[in-house]
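Heads up, what comes next is one protein chain in two forms, each shown on its own as structure tokens, labelled structure 1 and structure 2.
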Structure 1
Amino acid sequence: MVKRLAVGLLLVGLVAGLAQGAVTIMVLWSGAELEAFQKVTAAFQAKTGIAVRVESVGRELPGILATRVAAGNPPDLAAMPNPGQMAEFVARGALIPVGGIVDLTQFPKAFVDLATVDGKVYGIFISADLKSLVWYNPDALYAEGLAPAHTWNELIYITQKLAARGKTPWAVGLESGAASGWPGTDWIEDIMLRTAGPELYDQWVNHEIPWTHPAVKRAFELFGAIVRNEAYVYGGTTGALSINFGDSPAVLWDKPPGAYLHRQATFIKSFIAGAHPELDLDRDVAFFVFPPIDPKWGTPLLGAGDLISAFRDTAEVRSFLQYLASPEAQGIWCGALGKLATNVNVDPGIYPDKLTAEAAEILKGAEIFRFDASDLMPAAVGAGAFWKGVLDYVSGVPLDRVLADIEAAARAAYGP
């Protein structure tokens, strides 16, 4: 009897849910990010009465999503791992264009372009991360009589000066489970933008220049000049390869400091705060923009973002997409996490601390902005050979062989 009642209630609930309309969204977020996203969906439900079922599948999202799409059973919406994979789903005819649904004029053109395939827009960026930042501990750096670098030469000067005093200049962490190597790809992309310029960078992303091109080689070499130097990196190359990206910056605030500089995106702030809860983020933690190398190209910015695409075109999905794009939703999401909003109408007052507001300001003023190249390349290169190549290079494999290996993978992945 009780069982029957329960089944009955369940059915009633299900029918009620269907009548009111509901959407499902698959995301890779967990922990604080998932909590923040649930705040967004709760606000949406309070406003429209449409329930949102959030399926959090973690890091395995690309695999699970691809399987569900292939089986003809995708969620209504999903967070895309990157624009490259979004384009792959577009090629399979799985995604719906969002151009007629969301007012795209509220976003900077760079972010709209990134979600465009063959002239149609297939996703919206609900937030962004700025990657071209070098973090430091002001007390420690100034105690050495050094200051933030504005040029590459100054950066190398700081590095050499610290090493000469027997201190370790850089904290680098390339370990990230199955995704190990990605922090190194960010370094190389930042350097590539500064030494080769945005046009060659785009050609590199599209494999219009080979990986053995001198510009790519130079970017690897400049990266290697710092990270492959045993004296420049905390724990040497084995340390850089073994230490998790999230744990790596913590040593900057140890006493005495294990290292002085750390190149990483805006999101690393939460890892620093987690490792050192005693820090006052506005006072003890600071960053400067990864300095320009070739003056010709100035200071371009590298970034990434959270991209949402839709698999089904229903009234509820449209309504949810419009809400996610709104300043209100981005205020909740970015306010809770310290991510940078993409909607230009978002009030800077939402940011939880000075650092994030500062990063948002830098992003807004960007003359040249480029998306993380490895996220734009086909996964076999951007999430495969490139990551592995960075690990191989740092662990001592000759650069020519590393680049030839990536080039071979790229030839197969991009097709003729």
Structure 2
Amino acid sequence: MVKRLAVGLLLVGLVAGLAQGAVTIMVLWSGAELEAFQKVTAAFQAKTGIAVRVESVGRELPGILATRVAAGNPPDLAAMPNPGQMAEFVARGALIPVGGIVDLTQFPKAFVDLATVDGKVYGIFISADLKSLVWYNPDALYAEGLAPAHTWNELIYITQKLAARGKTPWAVGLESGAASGWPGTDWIEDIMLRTAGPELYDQWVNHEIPWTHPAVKRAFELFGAIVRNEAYVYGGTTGALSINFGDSPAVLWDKPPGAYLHRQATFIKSFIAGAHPELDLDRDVAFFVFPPIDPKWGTPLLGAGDLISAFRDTAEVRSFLQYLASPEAQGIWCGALGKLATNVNVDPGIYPDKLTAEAAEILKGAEIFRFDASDLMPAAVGAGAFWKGVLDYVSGVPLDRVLADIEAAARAAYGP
């Protein structure tokens, strides 16, 4: 009887603690992404009574989070800038394993593996983005007598054909505040997968080949053949360097179109809808998969995801992690943004349009999938020297010098 009473009191105390508790989470999201995440936290609070304080710090999150961790004042949880920086926090002993907290069988093995360091899982992916997509305005492209490309040669044909007619083929935006340059790294990663294959790609990620390797140089050159051509890009190289990544695709739906093609991940759909609310996304917006280059490597897919890790182990943190991993939370988050859920039990009916459902099917059928290379590299390289190298290269800095600079940063970051 005494034991039952003690357990009862313990449970009452735990519930009371939860009702009065709170968690803090640092995120980089703003705008529609922040609004969607606040819907998730509101649903969690309504369900548990646990308040969630969201610290939105924008693209400066990597530096701010590192400073807070170094000062011993991290948030309870944070959206990790990338798995590479997550691993750095693990090496400092700053993160808690989530394996005993969250049911990891709800997630595809590939995403569990991406959050695993030395056999322990330190984060959960609450959503994914498919990056290997080329977006277009079907009315505008077909009006030119052109169609989606199935090969690199067809893509170059479309590019050259439009330019010869005095039209601008591509909209490219590399500006992203302190993270400027990252959209270009995605281009190079997609090209690298298609010209060097996944094994060499993995060696590149792990710095088992230098940045001066011919395969890396070729990927930059193919990227540069489009983006450094003043006639191929909206606003020329100055436009590519100064236009924000989220604003960039809007010109495809201007009248007349400012450009015809835009390479970007699934998340860009929300930016397109924001810039052109009059569009019927199912009718007016389309994409095709970034085409193969070397037939030997087929059409591998590049992707990324939103990774959450925890710095403190409390009852409130555990409860919030479990909720974020749930189909309910991912249904709210992905349904609002058109991101792809990582929980295999999420109802496909949550996707807001056929574009997102189509992307989910493409991701599901991928024969070769690789995570964004820059997100896997140490932050000093993947979220530093690589970003800067893209901007330098597009600005006109000789490629050999750009690659040598990144290689120097990589040697310092990876160590001997």
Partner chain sequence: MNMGRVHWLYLAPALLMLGLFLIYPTAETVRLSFYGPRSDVFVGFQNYVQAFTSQPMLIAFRNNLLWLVVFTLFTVGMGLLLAVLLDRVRYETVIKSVIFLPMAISYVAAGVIWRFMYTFRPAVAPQIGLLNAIVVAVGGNPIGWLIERPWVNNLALIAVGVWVWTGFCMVILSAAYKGIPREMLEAARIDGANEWQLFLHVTIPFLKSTLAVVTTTMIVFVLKVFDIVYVMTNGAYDTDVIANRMYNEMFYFHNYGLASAIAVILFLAIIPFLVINVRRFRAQEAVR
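All residue numbers here follow the sequence of structure 1, with the first residue given the number 1. Think of the rigid core as the biggest set of C-alphas that the two forms share within 1.5 Å after superposition. Keep in mind the model is a prediction, meaning the values are calculated, not measured.
- Annotation: structure 2 represents the form predicted alone, while structure 1 represents the other form.
- Of the two rigid parts that shift between structure 1 and structure 2, one contains Ala196 and the other Leu114.
- Rotation of the smaller rigid part against the larger between structure 1 and structure 2, from C-alpha superpositions: 12 degrees.
- Core superposition places the Cα of Lys47 4.9 Å apart between structure 1 and structure 2.
- Here Leu65 exhibits a Cα shift of 3.2 Å between structure 1 and structure 2, evaluated on the superposed rigid core.
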